[in-house]
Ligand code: HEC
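Starting off, we have a lone chain in the form predicted alone, written out as C-alpha cells.
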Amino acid sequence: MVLGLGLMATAGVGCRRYPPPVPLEQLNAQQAAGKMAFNAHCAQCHYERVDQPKNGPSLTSLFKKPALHSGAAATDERVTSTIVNGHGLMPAMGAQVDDQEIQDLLAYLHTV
C-alpha cells in the first residue's frame, strides 16, 4: 500500500497544470493582431489553445513553462530566434514575418 502511494506521488511530480489561455474576447489590440499572425503563419503546424501536438508541438503555456520544447529557456529572444531562423523541423520564417508581426505574435503567445 505504501509503495503504491509512493509511486502515485512520484508519477504526479512531472504533471503540471498551467493557467488556461486568456479568453479571446479579452485580448488587447496587439494580442489580437498576434492571434491573426498566428493564424496566418503558425496554425498550420501548431495548436496554441489545445495541449496536443499538430505537425509541430503545442504552444499552449509556451511562456509559462520553464523551457521550450528544445530545452532552451522560454524567453522572447529564444522564441523570436526560433521563428526567424527555424529550429529542427521548423522552417525559418524570417522572410515571411516582419518585426511588428513578431512583436504581436509574442504578445499573443504570452496569453496562451
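One-based numbering along the sequence shown. Note that the coordinates shown come from a computational prediction; the quantities given were computed from them, not determined experimentally.
Beyond what is shown, the protein has a form predicted together with the named molecule; the following relates to that form.
- Using a 4.5 angstroms heavy atom cutoff to the named molecule in the predicted bound form, all of Thr82, Gly88 and Leu105 count as contacting.
- In the predicted bound form, no heavy atom of Val112 sits within 4.5 Å of the named molecule.
- Of the heavy atoms in Gly56, some are within 4.5 Å of the named molecule in the predicted bound form.
- The named molecule is not shown here, but in the predicted bound form it comes within 4.5 Å of a heavy atom of His46.
- A residue is said to contact a partner when one of its heavy atoms sits within 4.5 Å of a partner heavy atom; Leu62 meets this definition for the named molecule in the predicted bound form.
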